[in-house]
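Heads up, the chain below is alone and in the form predicted on its own; it's given as structure tokens.
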């Protein structure tokens, strides 16, 4: 079965799955249509295949983290970034208040503590503000201008007690500086950018295509830093589900509490799914099921002895 037919088949198979609950820790996220469901795939050459509610906007949330981590790497280099934020999995929930490694750093840039620390590093040139720098970074990956969803940003600020606590503890440990409030607001803005599944798939396709957006041809990240990004999301992108994800599905992936999942198949394609009903770990239930099936059908696991399907075979 060709890929478009396979996606339609998976969409039809899971469209009536009503298991799980939408996120209610951020009030704006609880207002979405709980039954929205979309799947988009972008190949390394930019070709897009999509089914379902692919024009529905949702906020990127934690799927922004690897891209902003990459921006910090581009600005400062790995040695400096790693002096502030580690690269080891935690085995903890994404919003665990704080857990530092033996060097006094957040364990990795995918948990909230590490992501807040990473975002705090971002600088802007004289022509941009820091929030413009972050939005420009995400837009370059997507290949179009993305926009902040202001109601979610305000909701993040109003309901962000746990992240405020994390930020104050990071400041106490001298990881954040005196600009704690602006650093945290920049992080909230980063998470509140609107995307569609097709935007996410194209952002992933940029990672697949050696860091170059396949449509605009703009280089978004260097090959060296691209490898760092993919390594981190393979080992840490699904939080305390990361080990099981690698065991069963076996490719880099990142989830967000709005219901998005982005799965990267190096050299081949990026798969994004949006379905806001979440499991107890905060991951999209339908999203995980779709990714599991696609990995099995097309031999995508990086440790699979079988060769993965080629673009000619799956299209």
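Residue numbers count along the first chain shown, from 1. Just so it is clear, the model here is predicted, and its values are computed rather than measured.
What comes next is about the form predicted in complex with glutamic acid, which is not displayed.
Query raised in the report: in the predicted complex, does residue 191 have a heavy atom within 4.5 Å of glutamic acid?
Result: Within the cut-off, so yes.
Report task. Look up in the predicted complex whether residue 199 has a non-hydrogen atom within 4.5 angstroms of glutamic acid, and give yes or no. Result -> Because no heavy atom of residue 199 falls inside 4.5 Å of glutamic acid in the predicted complex, the answer is no.
Query raised in the report: If you check in the predicted complex, is residue 120 within 4.5 Å of glutamic acid, heavy atoms only?
Result: Contact with glutamic acid, no.
Query - Exercise: residue 245 in contact with glutamic acid in the predicted complex, heavy atom 4.5 Å - result: Contact with glutamic acid, no.
Query raised in the report: If you check 251, 270, 257, 49 against glutamic acid in the predicted complex, which one has a heavy atom within 4.5 Å?
Result: It is 257 that has a heavy atom within 4.5 Å of the partner.
Query - Proximity to glutamic acid in the predicted complex (heavy atom, within 4.5 Å), stretch among 39-47, 285-293, 56-64, 261-269 - result: Among the listed stretches, the partner-contacting one is 56-64.
Query raised in the report: So which residues in 129-165, when you check glutamic acid in the predicted complex, have a heavy atom no farther than 4.5 Å from it?
Result: If the 4.5 Å heavy-atom criterion is applied to glutamic acid in the predicted complex, 129-165 yields 156, 163.
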